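In structure tokens, one chain follows: the form predicted on its own.
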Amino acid sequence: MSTTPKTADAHLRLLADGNQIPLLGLGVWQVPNGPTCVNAVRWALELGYRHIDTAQVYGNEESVGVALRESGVPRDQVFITTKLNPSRTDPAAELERSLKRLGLDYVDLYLVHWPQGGATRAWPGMERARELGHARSIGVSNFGVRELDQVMAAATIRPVVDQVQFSPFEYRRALLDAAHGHGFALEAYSPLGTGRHLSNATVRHVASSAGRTPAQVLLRWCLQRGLVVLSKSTHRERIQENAQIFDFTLSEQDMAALDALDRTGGTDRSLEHSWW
């Protein structure tokens, strides 16, 4: 079954600020700026994706903008995320530079990429970016419960998304519970473990019994655990395969088997080892 714009549009999550985010997105981490990125994003849009996730440190915002324009899909039908490089001091000014690279007037979601310099350091500038209309929604990435609590306590405009590493192998239950409690969306990156999780025996067994691929099973698990999920590929057939996750459901038994793969102890942290 091919995903169409209609079916992609039908799977949305309402954010706490009233905006909507498509449940499935294409991420372009480690995709080089240029034809490889342009093709991946354009193919995704052709196949019905309506959510593209980039970042200032990825160095490929220009290609995302080119692909969007070449696709012919109206701007207001595509949810675009970029992320602040937190080594920079002025989030609002950095977003203006991102918008120039993207060729856009606004992004749908602007995230603090990681809590460098403290959880709240960048937040006033993030709020300013939203007040200027340059970002429809604002949030964070790689924030655990401790950092989230600090931002929530200090914020005038609260974050509506936390994008973190999440999969059955990184089943951060306490962080997910906090997201539910605070009313913000948790968004999963690297749900396939950058490919490492695809060969796991349990994942493969569940995939076989469901008549699906390991990638589809891992992405579907995220949806059924209440997350927005990002897939990443530069191959058209894989981009299409990864979109075919809305027409089946994993059984309670399969979900439990996948839950048991967790290696984090149900942590409230966003990462086991931070890089900043």
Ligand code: A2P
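When you see a residue number, it is the position in the sequence shown, counting from 1. This is a predicted model, so every value here is computed, not measured.
Same protein, other form: the form predicted together with the ligand, not shown, and the subject of what follows.
- A heavy atom within 4.5 Å of the ligand in the predicted bound form is found for exactly one of 192, 119, 179, 157: 192.
- Across the options 203 to 211, 231 to 239, 50 to 58, 63 to 71, residues that bring heavy atoms within 4.5 Å of the ligand in the predicted bound form belong to 231 to 239.
- In the predicted bound form, the ligand lies within 4.5 Å of some heavy atom of residue 198.
- A residue is said to contact a partner when one of its heavy atoms sits within 4.5 Å of a partner heavy atom; residue 28 fails this definition for the ligand in the predicted bound form, lying far away.
- Among residues of the shown chain, residue 215 is one whose heavy atoms approach the ligand to within 4.5 Å in the predicted bound form.
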